[in-house]
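One chain is shown next in structure tokens, namely the form predicted alone.
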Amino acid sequence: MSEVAIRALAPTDLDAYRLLRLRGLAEHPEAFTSSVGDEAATPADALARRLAPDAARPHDVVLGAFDGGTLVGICGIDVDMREKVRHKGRVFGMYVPAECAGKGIGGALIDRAVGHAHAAGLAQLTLTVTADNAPARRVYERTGFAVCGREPQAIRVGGRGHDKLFMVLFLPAARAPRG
């Protein structure tokens, strides 16, 4: 694998993003709140809006890891813009395919997401991870996320409940520019 580049995805990345996201949802249905059916039914223009920069929401981003021209990992941040909660971002949709696992791509994506959140002035990031997904949990813990709660049977897949762990990372206060 060559050097992996990470950047914000744009609407021009829609097809690659959609394919990789659907693959992740299909291969690991227990890891995501969205289902393949729900995501496949999402109109392309709605997904394109998710990938489009928005001056009113500079903290929202979907990051992609590229090996050459191939998308090999995704991770997003979004913010609920209600006044009392807009200080925190939510990490969503983290996925790296099995053939790329163990190469530091997930860690690089989450590191970039944390850097983006800090630069955007967010105070904290939250995420959920399936309780028995130890590899993903280790990636998040290495970045500084800590478990702060557990929801039993948060999702059901094929009639089986899966617990979700809530994790949080408090970001250092952004420094005011000197001048």
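It should be emphasised that the depicted structure is a prediction, and the values quoted were computed from it without experimental measurement. Each residue number is its position in the shown sequence, starting from 1.
This protein has a second form, the form predicted together with a small molecule, left out of what is shown; the following refers to that one.
Note on the interface: of 147-155, 59-67, 118-126, 31-39, the segment with non-hydrogen atoms within 4.5 angstroms of the small molecule in the predicted bound form is 31-39. Contact between Arg49 and the small molecule in the predicted bound form is not found at the 4.5 Å heavy atom cutoff.
In the predicted bound form, no heavy atom of Ala44 sits within 4.5 Å of the small molecule. Contact between Ile105 and the small molecule in the predicted bound form is found at the 4.5 Å heavy atom cutoff.
Within this chain, Pro53 is remote from the site of the small molecule in the predicted bound form, having no heavy atom within 4.5 Å.
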